[in-house]
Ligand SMILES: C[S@@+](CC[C@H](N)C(=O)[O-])C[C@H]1O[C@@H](n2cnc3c(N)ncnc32)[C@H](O)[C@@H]1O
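As structure tokens, one chain now follows by itself in the form predicted on its own.
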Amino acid sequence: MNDLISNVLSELEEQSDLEKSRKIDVKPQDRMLAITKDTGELLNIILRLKNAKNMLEIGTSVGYSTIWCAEAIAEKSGNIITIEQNPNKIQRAKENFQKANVSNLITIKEGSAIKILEELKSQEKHNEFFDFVLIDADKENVIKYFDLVFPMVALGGIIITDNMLYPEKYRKEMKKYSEYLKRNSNVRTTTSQIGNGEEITVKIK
């Protein structure tokens, strides 16, 4: 990993730790709510094993997870489309992408994730296009996000969903989501204990 990316990730990890420990006061809408470092490492390794080129991320926040993914996907001259509604977080993400020198790999879509996913899904070029998807947005709509994304995922593509186990207040929604996936004969899925709990789902047909 080059120094630019490593330094930005370290800065964001420090910021996230400060927020989680409540050592700094941040408005709820401005909190990073980032994946953990070990989740970032997991995403990076899966992307490399998959030789992924086309990635979709639902929930950019300030770009921590995006940078972990961009570091891996860059070696395949890949691209990431990432979706975020909060303008302040988008601006912070853009600054972080520039500092990490990965802006050329990333397209940010601003607005409602459901509306943007419906728009992407309506474009024929995105049919079975993405070989890697990260879902890390509001948990109330997680099943809706999956259903919109699924036709855009290539056969053998991987969908990672964050926050399966933590925070505990989301467990009801995430359990319902996991059970929904297990009833789907078109996927294989498992819940990993890494980080805040990651659902790892593979499209098999």
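Residue numbers here begin at 1 and follow the sequence given. Given the structure is predicted, the values throughout are model-derived calculations rather than measurements.
Heads up, the form predicted together with the ligand isn't pictured, but that's what we're talking about next.
Residue heavy atoms within 4.5 Å of the ligand in the predicted complex occur in exactly one stretch of 99-107, 83-91, 69-77, 125-133, and that stretch is 83-91.
Using a 4.5 angstroms limit between non-hydrogen atoms, L120 is distant from the ligand in the predicted complex. Though the partner is left out of this view, D147 does not reach within 4.5 Å of the ligand in the predicted complex, counting heavy atoms only.
For S61, a non-hydrogen atom is located within 4.5 Å of the ligand in the predicted complex, even though that partner is not displayed. Among residues of the shown chain, T161 is not one whose heavy atoms approach the ligand to within 4.5 Å in the predicted complex. This chain lacks the partner; the member of M174, L42, M152, L33 within 4.5 angstroms of the ligand in the predicted complex by a non-hydrogen atom is L33. For a residue to qualify, one of its non-hydrogen atoms must sit within 4.5 Å of the ligand in the predicted complex; none of I143, E168 and S178 qualifies. In the predicted complex, the ligand lies within 4.5 angstroms of at least one heavy atom of each of the following residues of 107-123: G111, S112, A113, in sequence order.
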